[in-house]
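Below you'll find only one chain, the form predicted alone, shown as structure tokens.
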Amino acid sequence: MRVQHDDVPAPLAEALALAGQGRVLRFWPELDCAARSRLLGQLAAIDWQEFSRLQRLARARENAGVDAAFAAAVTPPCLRLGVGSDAIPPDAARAAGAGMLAAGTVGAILVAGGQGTRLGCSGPKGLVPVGPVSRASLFSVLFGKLAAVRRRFGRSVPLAIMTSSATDADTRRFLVETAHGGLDPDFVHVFRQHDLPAIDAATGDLLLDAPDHLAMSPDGHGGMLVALAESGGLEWFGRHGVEHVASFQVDNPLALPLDREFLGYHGLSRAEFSTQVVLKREPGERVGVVVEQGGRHAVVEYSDLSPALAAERRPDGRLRFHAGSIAVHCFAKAFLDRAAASDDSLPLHLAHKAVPYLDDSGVLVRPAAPNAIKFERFIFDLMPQADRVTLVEIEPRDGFAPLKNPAGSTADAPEHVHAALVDRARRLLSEAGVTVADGVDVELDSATILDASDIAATLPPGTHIEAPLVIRRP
């Protein structure tokens, strides 16, 4: 369809015509100036060469050879938090990690592009309350972890926060209203990931979800690399003296990206890419797995393995692929610099999804079955490019309680996160000689309580807690 509207810039009109996408302007006569400007802004941001590539990927989306591709793959050896190895004992790792934090060579990236819609929150998922007693938000809990590290080791951890078009404004507003969650604003860098258009699975065309709006979605957690580089974030980390960058997701309030033992294993093993894993016990668990084949490591999404391969077990009873990926990583900054310099470091992945769209009469259709292709990148796709990869297995109860599903779901729901936070608090209190009455919720203030030693400096051994309480170190 040739675009003939006089107020559409000629280069854009030509691009739309060449791409065969003139239909996205079918409601143009009905739009006011502001609506036209919004739609033109979206269209002008599209890389039309990339759009052609997305169409080709959508047409060739079938991938029937995944099992064959990993026929010879194995689960690589894992260090275990608290156990380590003969080469790197836990004490040596903890000392090395503490040294890295005290020297200020560790930075962090918080992946915070997701919305909390399914959880009853109209803004970023980071605003969802999770504190069992305080009702503190995910943002507050996770920012507090960085504040506690600064309190213990005397150095701020530079934090880059990746937002999306849906969460950027609200996240920045939260930072202003909360004095950057207690962090030094000079050590906080906010950057926004890109959006990619959804494509009609049958026609390969762009979709409208409003007369003045294309159906778009964020480009996945792998979008952090390009967006961070474009925002100047890699140079910003460099100016702060960062040599290692830990990344973690906003939906996991138990995340341990700055655990000194984990950082120590990363540093002492001279890894370019380190990652935390949990033991996957059942094939139906919805976590990807880390595999090794031909000397290279990779993460395979749970949906990319056939049920038979996912259920295969070793002679010792463990799943053949049992190293469950939990999206807590640490990278050598030099490795990120190298990867960012390449245009094809992170491939696009396709997902067949149900995407609302406007039909030709302007009615919003909410399809019951998948009708469109969405595209995203995964940061773990950098793993095969790393010269050295280190896996560190953690106990889920210590560092993995993701909030993904609404209340009443069978897993990863608010009640499960609540229970996990209370359980961890009770265990650390017990280590410090503090008891808690049955059925009583307790919460550790993440900004002041890093481990049991902070509790011991706050509550004397023998203390008994009989009512809900947030434990804070003065």
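Quantities reported herein were computed from a predicted structural model and do not represent experimental measurements. Sequential numbering from 1, following the sequence displayed.
Missing here is the form predicted in complex with ligand UTP; even so, the following discussion is about that form.
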inquiry  = Please pick out the stretch from 249-257, 89-97, 312-320, 343-351 that is in contact with ligand UTP in the model of the complex, where contact means heavy atoms within 4.5 Å.
reply    = 249-257
ask   = Hey, in the model of the complex, does residue 297 get a heavy atom within 4.5 angstroms of ligand UTP?
value = no
Any non-hydrogen atom of residue 212 within 4.5 angstroms of ligand UTP in the model of the complex = no
query = Any chance residue 329 has a heavy atom within 4.5 Å of ligand UTP in the model of the complex?
reply = no
request  = Report whether the minimum heavy atom distance between residue 404 and ligand UTP in the model of the complex is within 4.5 Å.
outcome  = yes
note = Residue within 4.5 Å of ligand UTP in the model of the complex by heavy atom, from 158, 218, 267, 144, is 218
request  = Counting non-hydrogen atoms within 4.5 angstroms of ligand UTP in the model of the complex, say which of 286, 366, 173, 118 makes the cut.
outcome  = 118
request  = Decide if the three candidate residues 111, 114 and 162 all line ligand UTP in the model of the complex, where lining means a heavy atom within 4.5 Å.
outcome  = yes
ask   = Going by heavy atoms, what in 355-378 lies within 4.5 angstroms of ligand UTP in the model of the complex?
value = 376
query = With a C-alpha distance change of 3 Å or more, do residue 221 and residue 117 lie closer or farther in the model of the complex?
reply = closer
task = Since the C-alpha distance between residue 120 and residue 468 changes by 3 Å or more in the model of the complex, give its direction relative to the shown form: closer or farther.
result = farther
